[in-house]
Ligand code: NIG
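In structure tokens, one chain follows: the form predicted on its own.
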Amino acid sequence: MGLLIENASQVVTCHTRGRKFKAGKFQSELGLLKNTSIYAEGGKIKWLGSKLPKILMNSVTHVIDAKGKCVLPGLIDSHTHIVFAGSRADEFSMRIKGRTYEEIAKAGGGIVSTVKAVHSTTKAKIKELARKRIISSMSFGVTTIEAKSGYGLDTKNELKMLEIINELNSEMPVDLYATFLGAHSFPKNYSRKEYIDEILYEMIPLIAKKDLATFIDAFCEKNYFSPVEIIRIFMQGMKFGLVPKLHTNQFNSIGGIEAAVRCGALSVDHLEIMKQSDINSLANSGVIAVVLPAVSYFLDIPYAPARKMIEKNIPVAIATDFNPGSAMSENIQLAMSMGVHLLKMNCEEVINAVTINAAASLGISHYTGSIEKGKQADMVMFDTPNYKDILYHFGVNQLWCTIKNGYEIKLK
């Protein structure tokens, strides 16, 4: 298919200039082009400019008139938990009445509640729920999604979750990247040693054998997994070809940043509680800081110090962290708005945070996350001539068209 997008008022390229990500002052660079057309063929971007060369005209099979529209790279939600069953609306009400996240967890709620629901729900039902959430995410302009396991907490159910992600990746018109998050919490019917051993010697080898995940993740927090345990889990995952990412510094700073840097993690995610030493450890490490403002909004906890990290030349990405307990929203545009108003990032920093930097947090910025020749033709068009309207006119979805691998996606 030869796709021509004609006469876009603005094309926000988020070009990399050869870098894997944008950090510091470069996180404000958008590579903005005006009155520009884009040609894609074979799923790749082949040309950008004002007038398509005659040599390519005969290859055009589909034309989109983008006059009065702005074009961005497809948005990337680089941290989600879209595969789960059950509802925690009652726990949400309890928390609103004053119960803390930790108190609810100790009372049998939290992650344990969702684990029970996953265990008791058929694979087909969980898959259908996840499919609906992916469609919802796509409706906000997302073309690539990272999805975690972590609500199985035993070999059978962790594999079930990862199988669902892989099946949906082959069935849905988006790219899904699977992350193994067996080290999300400790199940009650295991000792600490027993469960870590199952992760190390049963889950990881099986997941690698079946090629079910790209990444390995863990929750570094008091009462969950310690930095020492995480290093051990990550080292085993890396031995089997899994790439580390880490949940850390959500409620406490206990050494997760240092553990992630030591293991060469692609990203550290959450970062609501950051000491200056944590920020210093991230600076110049090349690790992407993935901030999740919807969690802070939902739980009423501190927001990640995005401004301080950008000033330290740390590349910042934004994701939804869509999950049943602390961020029940697939709306990445809402997370972007929070990035501006609550994290004090500027519009340009936020757009790079959900495109090229989000791609870098998944190790895929060399072929997606920006509109450049040779890259995957993942693009979203908004019904406005000015990209700033996407954040200025908040609470309204102005998405007009989504292109994935050079094809227009029809959501209805």
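Residue indices: 1-based, along the sequence shown. All values derive from a computational prediction rather than experimental measurement.
Absent from the display: the form predicted in complex with the named molecule. The rest refers to it.
Q: Is it true that D77, R133 and T179 each have at least one non-hydrogen atom within 4.5 Å of the named molecule in the predicted bound form?
A: No, none of D77, R133 and T179 comes within 4.5 Å of the named molecule in the predicted bound form.
Q: Find out whether any non-hydrogen atom of Y195 is located within 4.5 angstroms of the named molecule in the predicted bound form, and reply yes or no.
A: Close contact is absent here: in the predicted bound form, Y195 is far from the named molecule, nothing within 4.5 Å, heavy atoms only.
Q: Mark Q250 yes when one of its heavy atoms lies within 4.5 Å of a heavy atom of the named molecule in the predicted bound form, and no otherwise.
A: Close contact exists here: in the predicted bound form, Q250 approaches the named molecule to within 4.5 Å, heavy atoms only.
Q: Is D321 near the named molecule? Define near as a heavy atom within 4.5 Å, in the predicted bound form.
A: Yes, contact at 4.5 Å.
Q: Hey, in the predicted bound form, does S326 get a heavy atom within 4.5 angstroms of the named molecule?
A: Within the cut-off, so yes.
Q: Can you tell me which of 242-250, 255-263, 280-288, 227-235 lies within 4.5 Å of the named molecule in the predicted bound form, counting heavy atoms only?
A: Of the options, only 242-250 has residues within 4.5 Å of the partner.
Q: V71, I204, I111, I314: which sits within 4.5 Å of the named molecule in the predicted bound form by any heavy atom?
A: Going through each option in turn, the one that passes is I111.
Q: Could you work out which of F219, F186, F140, Y303 is the residue within 4.5 angstroms of the named molecule in the predicted bound form, going by heavy atoms?
A: Answer to the contact question: F219.
Q: Within 4.5 Å of the named molecule in the predicted bound form, counting any non-hydrogen atom, which residues from 71-92 show up?
A: H79, H81, R88 sit within 4.5 Å of the partner.
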